[in-house]
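One chain is shown next in structure tokens, namely the form predicted alone.
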């Protein structure tokens, strides 16, 4: 059942308003309330001094209005008394400085002291509320990794990293071979000689960095599992979640998602557009709506990471943390919420109920103003109340898959080999090429089954595992690979037979040399299967295949063999758009190019259209409902609005 929710902090408000807050939430059509994730100092004001009365009362009041509760463990904000007792809790930054108390996320995942206290407070909360009938979901911590906190460079992290390496390699000689430590006389005689890779004179060994990234990701998963295991003991019927973030890839959500029931994420389209690398023209066009594919990309990514996904924090208005913080276009909050549900979200929740008039987030909007009057988001949520009962749990299979790989992103961060290579931007460009055709898409992990798809896009897969190779071989789908695919082995080194390594049975070529070029170098590409340019990266390829696309200087850009195509250069947006469109037409998938800012999605037994443009948009002929009947909106969409009709 799809539903709407809100994030609530009763501890910020006088108890006299709690009951009225709960009634207004229920009357608005909300059914889920999230609380507790920052309340450690109130729950335990001193060592062992537990104060549950306020939380008991607030949960009881919400339950009286039949509101379900997501209760958060408060470990994102360890209290001052705990830090004063144990300074080994604090993380260290990349420059070797301690990151102190005074904000949030001031802890190191590798601190055994903090792991112990986190488990202790989690056990206390789960023991008290695990059987409460209104507490149906638990959130561990809050936004793991926010503020650059996945990778700690503390003495505790160094100790844990050495233990992780010893478990992985067993023999330090094996580590020396995997890392190529013969280079620059980096050979180690024992694991306890290995330091963290952050304070070297020049660049550290890339495999040293890669293993540190892997270790740090594993530490996040381990920390979460410590809490999740405790919660499951006390609340076996409750669902467990954690709130991931947008444009954040410092830990592997595919691995993390194996340990939650629902992977939620925090959707702030305007904030992320403001701090993105997008052009000023793009930012201007979508200033108050957000990039048309920002939310969709993350919905489709996180949906594939776990049994279910949802949005737990939806931007309600101006935020406080971006370079600039505009207000959403009227209607956009409701449109964002509905898009979450259309992509299969279990629920969509607004952050927050009432804007705080104090502290760091006082300029962050809520559903209510600080004076208790409704803000714009309140009214837009109210308009959705009558629509929710029409939605079903029906799933809509996608015909296109995009493969996203965290380790390829990490490898390219460690050794980008050029200023123009950004894995995130490349993946989103390929994703956008599909969405602009009105097609649904799944984002999947390397090695995921691909047999249900007609078209599989692989923007770049640096290391091709045996599992990924087998998945490519097992599907009959058309495959499109980007450059640098198969360019590395599992250790991030060049494979013995060069790239594309395990992909060679699919497309017989060898990458003999690669170059990166500056932003002003954008050779034009024109041909029957695509038009545009390449940028940033190009491979010199040895093969008997004739290229199906070349640039204006006669250099190969795209090769084709049977059902596989592979780029020898990085396509710009225009080129990937045209190549994907050609493939979609070949597979009879394309239903029509959408106007700028218009996006479609199937889900919940319906089809949806979302207008991210500042202009009125009309759903193209052939995409609108054949019977002309709409459950919400109509064929002409106002800026920031959506339409919904029964999927036929």
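Positions refer to the first chain, counted from 1. This structure is a prediction, so every number in the text was calculated from the model and none was measured.
What comes next is about the form predicted together with beta-D-galactopyranose, which is not displayed.
In plain terms, the part of the chain that comes close to beta-D-galactopyranose in the model of the complex, with a heavy atom within 4.5 Å, is 137-145 out of 278-286, 549-557, 196-204, 137-145. This chain is drawn without beta-D-galactopyranose; in the model of the complex, the residue among 440, 266, 380, 291 with a heavy atom within 4.5 Å of it is 266.
A single residue from the set 166, 425, 123, 361 has any heavy atom within 4.5 angstroms of beta-D-galactopyranose in the model of the complex; that residue is 361. Although the partner is absent from this view, residue 336 stays clear of beta-D-galactopyranose in the model of the complex, with no non-hydrogen atom inside 4.5 angstroms. Not displayed here, beta-D-galactopyranose is approached by residue 351 to within 4.5 Å at the level of heavy atoms in the model of the complex. In the model of the complex, residue 104 approaches beta-D-galactopyranose with a heavy atom inside 4.5 Å. Mapping the unseen interface onto this chain, residue 52 falls outside it, with no heavy atom inside 4.5 Å of beta-D-galactopyranose in the model of the complex. The single residue of 303-318 lying near beta-D-galactopyranose in the model of the complex is 313, the criterion being any heavy atom within 4.5 Å.
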